[in-house]
Structure formats: C-alpha cells, structure tokens
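Next up is one chain by itself, shown in structure tokens, the form predicted on its own.
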C-alpha cells in the first residue's frame, strides 16, 4: 500500500509532465496509489520486443531509457525524466514491437494502465496527446503501419467539437395564419427575439425575428393584422441536431443569420428539434467571430480607424482559440471568413469610388474575380503576412481593352491599400492586383498557365507554386474554373515530375543525430526554419498530388490531403499523418508568431518545450513518407543527376 505522503510526492512529480499535467490532482492521487517503484541497472532491459505487456506502463523518475529495434540495432528514441513508455503496445492490443533498456541506473514508476485508460477517455487533451501519436514509441507503430485498435483512441477529438452546444429544445412556434399582433405579444411575454413558424407537425416553414417586426410592421409596410406567412423569412435554414459549435458559427457567418433551426434529420421536412442563437455561441466562445464580421460589414469608408479595432479583436480571437486548443481547421476557416469579408467590403467600397472616377461604368464593365493566392489562397493564414492577390476579368472588346484594364488596376490599387491599412504588408515581389502583370483578362491568364506548364523552367515552376493555389475571394467563380480547366487539360508529362522533384528535395528537418537543422548564417543563424523545412514540403506535396488527381478546387492543404485519402486510399495513412503534422506546424508557427511579434517562420530550438521538441521530431516522419511517395510515384530517381 502506498503511503499518503508517498502518493503526494509521486503526484507532485507526475503533474509536472505532459500528459499528466492535463489531469486533475485528485485523479493523479488515485493513479499514484497504484504506483510501484523499480530500480533498473545500466544496460538492463525493462522489456523486450515480442513480449506481451502487463496492464502497466512506465514513467522515468530518474535516469534514462532507450527504445531500440534489436533486429537492426537502431535506437528509436532516448527517453529522459518524466517520459512515459510501454503504453503504445497496450493501446494497440499487441506485443511490444521494440525493446526498452536502461542507459544508466534508472528509477521507474510503474502505474496501472486500467486507471490511466479511464483518464484517456475522461480528459480530451490526454486523448489528443495519444491520438496524435505524440507519446514515446507511438510513431514507431505508425511507421510500421500498425493501427491502434482502441476505438476511443481512434477518435480524434477537437476541443471545439467536445464543447457542449447549448440547444434550446423548448422552441415556441406559431402557425402561419397567426396574426403579427399575436406573435408580437407572445415574443414580448416570453422575452424571445424570434419565433419559428411551423405547420401542424411542427415542421419549420419560416422565422420571424425582432428585425422583421421593426422593418415590416413599424415602418407601416404591413398592418399589425397581417398574417405570419406574409412577413416571415422563408425557407428557414435547417441543420441536424448533431451540429458542432464549429459548424454552427461557420454557418451563421456564411449565411449572415443569427438563428439556426435544428430538425430531426436536418431538413425542413421533419419536426423541429431545437434552436441555436448567436447569443448562445457568444456565451460558449466568449468572443464571437460573427460579431467581427458584422463590424467589417459596417465599415463605410476605405480609410477608417475601425480597421485597427477589427485587427486587434481578430488577433485576440486567434490567441484565445490557441489557448483553448481549438482545431486548426476551425481557426483557419474562421480567419478566412473574416478576411474574405474584409476583401468583399473593400471591393464594394472601391466600386463606389470607381463610379466617380469612371462615370461611364456605374458597375464593373465586365465579369471579374479577386483571386487570393499563397497561404491566403489556401485558407491557411492566421498571422498577417504579405499580400498575394490578382484580378482576372472577362475578355473585353478590343476597343475597350485599355480603359477596362485601367478600371481594374485602380480597383486593385484601392483594395491593396485597404489591406495594407488593415495590416497585410505589400508583397516584396509585387504579386498584387495593382500590378499590371497580374491584372489581366482571362485569355491572358490562360496563356500564363499554359506557358508555366509547357516550359517547366525554374521561374515558371515558382509561378505555378504561387498561382496554382488560387481561390476566388470575391467575384465570378466561372472565370477561376476556366483556369483550373487549363491545369487539368493541358498535359505535359514533365511538368508534374519537375514540380514533384521540387517538392521532394526540400532539406530534411533533422540531422543524423536527430537534432534540428538550423540556419548556419545570416539574421536567423542557429534558428529553425519551421516554414521552409516543415510546412513547405507538405504544402508542395499536396499541391502536386492535387493537380495529378484533379482536386485543385480543394484549396487548403488539409482539404487536399483529406480528399486524397478518398481518391488514393492505399496511401491514406500517409495523408492522415501529413494532416496531423501540418496542423502541428501551423499552430506552432502561429503561437511563436504572436509570442515573438514576427512571422513565426523561424524558431529558436531552445524556446521549444520538451514536449514540443518531441512532437516536432515525431512529426517529421510524415514529411519523409510523403516525399518517398512522390519519389516512387514520379520515379524521381531517374531524373536526378
């Protein structure tokens, strides 16, 4: 029996290390009560490959242990004080696939797996620690393509998805033939801001809000005796009850609505299940991005102080999301929506100004689209870096060419400056819509794309990596589709090979001794290039494969790997690991960008915690595997010198 004082000392030790630091102290005390202490001598094996694990795992209290493959004599990992091991085999429900040997005299804590497994299920951050493969030895299982049979572990939990969405199931409804006066009276008595109009089977037909009463009744547009069906907004947008907080916020922002009606199957053909309001989400998240979008929409001038306020609130929002450990797709989708709203607002204000400067064009003279490229095009921008954008417009008549280009160049100039005022710096290479080279009719853009594919020279490949990650932030999507068609239909067998070669030959992140490769000179000497050595190889590989599999409309790197899992299921484990690693890199870049007030591209290894270093080192296997896939698929060994 472990004494109370010993249990407390063990707890005080464990709580200093991840993932034990995610567990409440009273639960750790219970785990500490199962603890056995073992001393192993230098060179002594703790367990060996092929042995079946007991229902126990190990934590190093003092000393050092190496995990090794005895067949190849390869050292897999060297573990230190606070590291846990021996648990991966239990989660995989199989024998050990490597051996553990003390490299010096070592004191081990041996803890109950059964009790700890309860905590894996109880604490989402502990679950994420294991499901992400960050525990020592778990990458070796992935490397050998051994799946974890545990159903709980296979469930990757994003924090925002486990947040309990407050759904009001006591939905007050009215019939379509109720009068507005009756509805207003009920809304006042019940102190509610909206009422769902439903049929006899409680299937939603429409919604009436405070805003409808003000705009349609108070203005005299409809009499107080009007029927609900006359003033309700219909059809009402519906979703299923299983909606996450993430989806709720995204849908509200996309559709500019303040209420979501949930039905039994997510359609308006089944009874109402509940309702979620913008206020509910505000309470849940504390800082609602929908509020920011509304502030963007209220901007009335291209020059405004509101931009600074929105910029500061957006930064606060991202930091709070990072602190809450929300999923990366949720963070990037939210920021992309805010930025796209900014671009849309800037273009609308620019169009008003252009009416004065080009009175012959009260509206844009031809169809056009604002293209975002680079990380903004891929919906991966969390920090404000430099701009990458362009304008594509419908081919004008010959006699109008010059004047129409002036119109769109001026639009580019106004919007580019608006984005500078918001905080996006100018592109050093001048890849911006105000540049005449990147403000062209669709026929010229098509020629650009054909040339870059036909002649895969260094500059053309560079342009392809920048411009092929385009996305319509505002305007006519059909013009962009014409460009994608060029990429898909214009065949050059060497183009993809050279593009793959560029993606597969990025320098490795680790040296032979598993230390980070840092910059040898210059401003960032002894710093690790997180973007160049980690993010870029995964982005480049996803782009090549997206072109090859013709899924370029999936613009983000994560979306591309998710789609690749479907269209190339043989390699889905490689794509899955690439997604996990990419999310880690982008979160770290954002975190250090805010911390150091820079782009987050370079990190000093000494700034990383022990866990962050381990997570990074484990994640680099994903880069190695995706580059091997490119090597094999495009036979890159045949073109090497």
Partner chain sequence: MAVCHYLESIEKNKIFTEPEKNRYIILDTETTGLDYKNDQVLSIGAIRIENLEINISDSFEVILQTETAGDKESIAVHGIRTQDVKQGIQRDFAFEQFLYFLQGDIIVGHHILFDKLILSNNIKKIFSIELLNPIIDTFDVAIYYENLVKKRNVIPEEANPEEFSLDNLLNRFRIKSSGRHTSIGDALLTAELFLRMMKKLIQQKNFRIESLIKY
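Remember, it's a predicted structure, so these values are computed and weren't measured experimentally. Just so we're on the same page, rigid core means the largest C-alpha set that superposes within 1.5 Å between forms. Numbering follows the first chain given and starts at 1.
Omitted from view is the form predicted in complex with its partner chain, to which the following refers.
Remark: of stretches 602 to 610, 47 to 55, 30 to 38, 576 to 584, the one touching its partner chain in the model of the complex is 30 to 38 (heavy atom within 4.5 Å). Residue contact check for residue 110: one or more of its heavy atoms lie within 4.5 Å of its partner chain in the model of the complex. When contacts are judged by a 4.5 Å heavy atom cut-off, residue 548 does not count as touching its partner chain in the model of the complex. Its partner chain in the model of the complex is approached by residue 106, whose closest heavy atom lies within 4.5 angstroms of it. At least one heavy atom of residue 62 is located within 4.5 Å of its partner chain in the model of the complex. The partner is absent here; in the model of the complex, the one residue of 182, 81, 527, 421 having a heavy atom within 4.5 Å of its partner chain is 81. If you fit the rigid core between the shown form and the other one, you'll see the Cα of residue 598 move by less than 2 angstroms. Taking the rigid core as fixed, one finds a CA shift for residue 60 of 2 Å or more between the shown form and the other one. Core-superposed comparison between the shown form and the other one: the Cα of residue 620 travels less than 2 Å.
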